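Shown next are two forms of a single protein chain, provided one at a time as structure tokens under the names structure 1 and structure 2.
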Structure 1
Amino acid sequence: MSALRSFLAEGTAQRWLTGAAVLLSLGMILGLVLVVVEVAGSFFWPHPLVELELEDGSRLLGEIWDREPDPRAPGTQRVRIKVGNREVLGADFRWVRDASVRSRREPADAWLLERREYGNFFGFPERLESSDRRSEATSPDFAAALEDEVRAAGRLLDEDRGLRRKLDRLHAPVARLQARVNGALARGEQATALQAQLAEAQRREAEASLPLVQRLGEVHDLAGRARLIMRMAGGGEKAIVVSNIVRAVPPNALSTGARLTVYLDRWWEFLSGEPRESNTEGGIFPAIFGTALMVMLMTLAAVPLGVVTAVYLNEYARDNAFTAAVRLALANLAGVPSIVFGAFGLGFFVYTVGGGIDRLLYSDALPTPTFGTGGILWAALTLALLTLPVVVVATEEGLQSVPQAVRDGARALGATRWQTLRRVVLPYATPGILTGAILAVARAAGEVAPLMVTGVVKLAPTMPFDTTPPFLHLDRKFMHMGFHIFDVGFQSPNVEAAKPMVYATVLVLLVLVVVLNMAAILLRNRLRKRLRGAAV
């Protein structure tokens, strides 16, 4: 008993408990990261195509995704196979009992087609038909011919998108004039002059767009000529338009180097491409860009305002009822649910401030709102209010860490109060200020609820930044990675197929947050070293 009392009195048990708590916390974080990395990392690796012959004589071709005990036959297993061919089979997945499988093989001539519509297609190529050649699947140059056609179709689609962007730019003046005419007519005003300008703008648009529309028709015709004839495992043939193919690979015939090339190519498409098939396939670049831009706008709004507030409270304000109320309000705001900030942002920023801007500057376009609807600017300002208490508290702690002797020394050398603050106190407190910015970025990057009512959308047709003046369009809606995860994981029409996409997006979001935080942490550490050197 005395040994136990001594053990407790010396604090050995407490040290073991605290160490165990640290290990448990690190294990939970590491487990989360490992699960995300394992699922997301293996998602893009080319998996073998398996052909199953069932006891009823039917055949299935696809990728084995999962295996579990068969609930209908204890002691046996069943597999979930991704069969693809959605327009033919009606579903991407099918459960198959091991007892119903007569034979299993991995055919070397099976191909996977990643398509822009209807998901993946699994089958056996028969022939490639285009306007100038016909290549049989048994031909030695079939794979090269198919790759050439896919690349040519990709160039045509890029040209198609470029032509459409040019047509949109040509139509933009007409759309603005049409909105002004509609607004004037809705208010009962005379719109004869505006209608004349609109007619002239439409005439110029028709003249300028005629060759573009003709070329667009030619591109559509060229893109639809090449077709790949595929034979399905269950019998029958299917003609696949080559322009609908993103990637065509024979997974079972790939070498390790070729598999790695496909793996990296898929990752690049995921990071740099646009989403397709209701966000369940394709890339997430618009979501990455929207998240990064929103975080930067939020930081530009929250950090200066938070620093100024903290400077006033710590350096100028007296300890009275007012400052106590302000600090109490900041503490309470830090605990307010984020959706409340979203409702405030919708009512104040969108409807009040944005509506006022529309009435003041864009009255001709009313009732169609310009700034009086959700956009990336209002979402960033809403998150700036959400993270403001964090910045204020962190900045105040940084200011309070500055020794009073430093202030007194500067004043004794003849510096004014403002000069002391600007050249001595604020540089000394910069690491604390950056700590507040780091915490604000980390919280804002993962918030979703306020964005759902202030500007985030499932799919943004145009990004907030493009080559059209004024280049940065703060009134536009945007995509966000957090909302993208929610949408794909819980609102997708094909949740099972989209599940690995959710993990991949989570991994990218974690990396983005870590990169933003590391940049701020490195800057903070450099400033600390510089301050130590100056003190010496």
Structure 2
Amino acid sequence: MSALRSFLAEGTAQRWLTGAAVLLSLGMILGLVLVVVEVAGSFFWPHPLVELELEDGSRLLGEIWDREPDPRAPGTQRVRIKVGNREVLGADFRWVRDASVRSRREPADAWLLERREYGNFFGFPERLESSDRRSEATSPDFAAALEDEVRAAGRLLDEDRGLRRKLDRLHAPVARLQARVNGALARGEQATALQAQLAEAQRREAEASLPLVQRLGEVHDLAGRARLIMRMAGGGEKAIVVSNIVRAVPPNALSTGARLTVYLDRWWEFLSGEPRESNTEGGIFPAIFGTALMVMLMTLAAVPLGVVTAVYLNEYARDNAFTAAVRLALANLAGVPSIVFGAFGLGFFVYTVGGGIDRLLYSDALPTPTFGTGGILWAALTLALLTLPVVVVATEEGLQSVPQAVRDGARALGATRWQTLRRVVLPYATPGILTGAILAVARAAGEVAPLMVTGVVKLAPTMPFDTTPPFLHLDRKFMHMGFHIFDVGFQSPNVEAAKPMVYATVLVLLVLVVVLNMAAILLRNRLRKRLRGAAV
């Protein structure tokens, strides 16, 4: 009994338990980071292509993704192999029991084709056919020829995209008129004059777009000519149109340097490219761009208001019931769940303000909403509300670090309150304000829930910033990295295949948020150090 009492009094067990809690917490964050880095970091590495011969004589070619105990036969293992060739095999993945594998090799002549449609293709090239040449896979210049053709197809694709963009621009006036006509009809109004205008616009569009459409046809024709004939591991040949190929590599034959090149190239494509196959392949550039633009807009709204609020509370207001109420409001802004802001943003910004703008300025298009539906501006404003307390708190810390004596000194020299603030206090508090802005940006970059109701989409056909006037389209919907993670990880038809992509997005988001937070922490530490050095 007394042994127990002294054991409890000494407190080693308690101390160790609390220490274990610290380690557990640190372990969780560390584990999270490690998992993400591991999965995302290795995803773009060109993995060897393995050819398996199974007991029934069939052959599979693909990348090994997982190995786990076979649930049906305890004690044995099975592997998950990505076999690709979706249009032929149906599913991207196959489970193969170790016991059923008769032989396994890594053929040097196996190629991996990353395609714009249908995902990856694994197989053995036979020959390359195009209008002007024919190159056997065995010929020494095959790789170069294929690369040539892929590049040529890429150029054609660029032209195709350019032509389509021009056609879109030609169609824009027609679309606008069409919306007005539709709106008028839906409201039960006369639309004869508008309809005449529409017909005229359509005629003009048809006229102007004729040569473009012709050229588009030619481009299509040209792009369809070069074909790569592939032999599949399971037998049979398949002709792949070269313009469908993004990248062709023989992973098993690559040197480490070449692998590294492919690895970096894939990362670059991921960061700078457009998404393919409903976001499960390709890049996330539109999501990165959407996130950045939305966050910028948010900063424009949140930082000035946050700084003004902090200045008011710290420099102008005396402590009274009103400032107490303001502080309580701020504390609640900081504690209110983000989705509540989303609900408010939808109800107020989108439906009330946006709906009002539509009735005033865009009544032509009604009932199709312009601003009366989710968009980047409303999302940014909603998040600005959310991040306002972050800015206020950091700015206040900055302001509080300015010694009162310095303010007195300025006032005693005959400076007005504003002059004191602008010439002495604000320069002093700048790191604090910056810290707040950075933290707000970090918070907003990772916040998803309010965006889901105020204008984020899984795939935006157009970016909120482009070359058509007025260049910045505040009414447009946008893509966002956080929502991308949710959407691809949960809503995409092929979650398993898309998972590593999501990990990569997670890594990018995580790096962004961590870097921003570290910057904020460093900045704040500098501020605190200076505060310690200054006369207080």
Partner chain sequence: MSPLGPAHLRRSRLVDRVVAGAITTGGSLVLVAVTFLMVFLLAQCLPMLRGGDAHPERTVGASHEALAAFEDEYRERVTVLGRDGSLVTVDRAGQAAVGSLEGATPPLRQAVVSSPGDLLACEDASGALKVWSVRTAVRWGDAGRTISTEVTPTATLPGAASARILAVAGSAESPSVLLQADDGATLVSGEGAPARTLTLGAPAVAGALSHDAREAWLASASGLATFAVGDADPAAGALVATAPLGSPPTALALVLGDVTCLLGDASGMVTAWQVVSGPVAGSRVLDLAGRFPGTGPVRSIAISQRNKCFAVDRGGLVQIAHLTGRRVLVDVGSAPLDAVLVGLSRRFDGLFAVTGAGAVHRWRLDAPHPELSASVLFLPVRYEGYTKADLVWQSTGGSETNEPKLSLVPLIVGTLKGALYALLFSGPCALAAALYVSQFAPSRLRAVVKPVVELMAAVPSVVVGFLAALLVAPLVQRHIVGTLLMLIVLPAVVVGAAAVFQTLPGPWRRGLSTRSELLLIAGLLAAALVLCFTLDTAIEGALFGGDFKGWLLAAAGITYDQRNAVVVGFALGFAVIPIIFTLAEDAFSNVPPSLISASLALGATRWQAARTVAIPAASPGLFAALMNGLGRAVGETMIVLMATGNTPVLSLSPFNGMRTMAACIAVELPEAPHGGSLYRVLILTALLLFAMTFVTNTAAAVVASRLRKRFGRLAA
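The term rigid core refers to the most C-alpha atoms you can superpose between the two forms while keeping them within 1.5 Å. Please note that residue numbering is based on structure 1, beginning with 1 at the start of its sequence. These numbers were taken from a predicted model, which means no experiment stands behind them.
- request: Of structures 1 and 2, select the one representing the form predicted on its own.
  value: Form predicted on its own: structure 1.
query: Rigid core fitted, is the C-alpha displacement of Gly90 between structure 1 and structure 2 2 Å or more?
result: Stays below the 2 Å threshold, so no.
message: Using a rigid core superposition, assess whether Ala108 undergoes a CA shift of 2 Å or more between structure 1 and structure 2.
response: It does not, since the Ala108 C-alpha is displaced less than 2 Å between structure 1 and structure 2 after the core fit.
Large Cα move at Gly27 between structure 1 and structure 2, threshold 2 Å, rigid core: Shift of 2 Å or more: yes.
message: Give the rigid core superposed Cα shift of Thr430 between structure 1 and structure 2, in Å, rounded to one decimal.
response: Displacement of the alpha carbon, after core fit: 2.5 Å.
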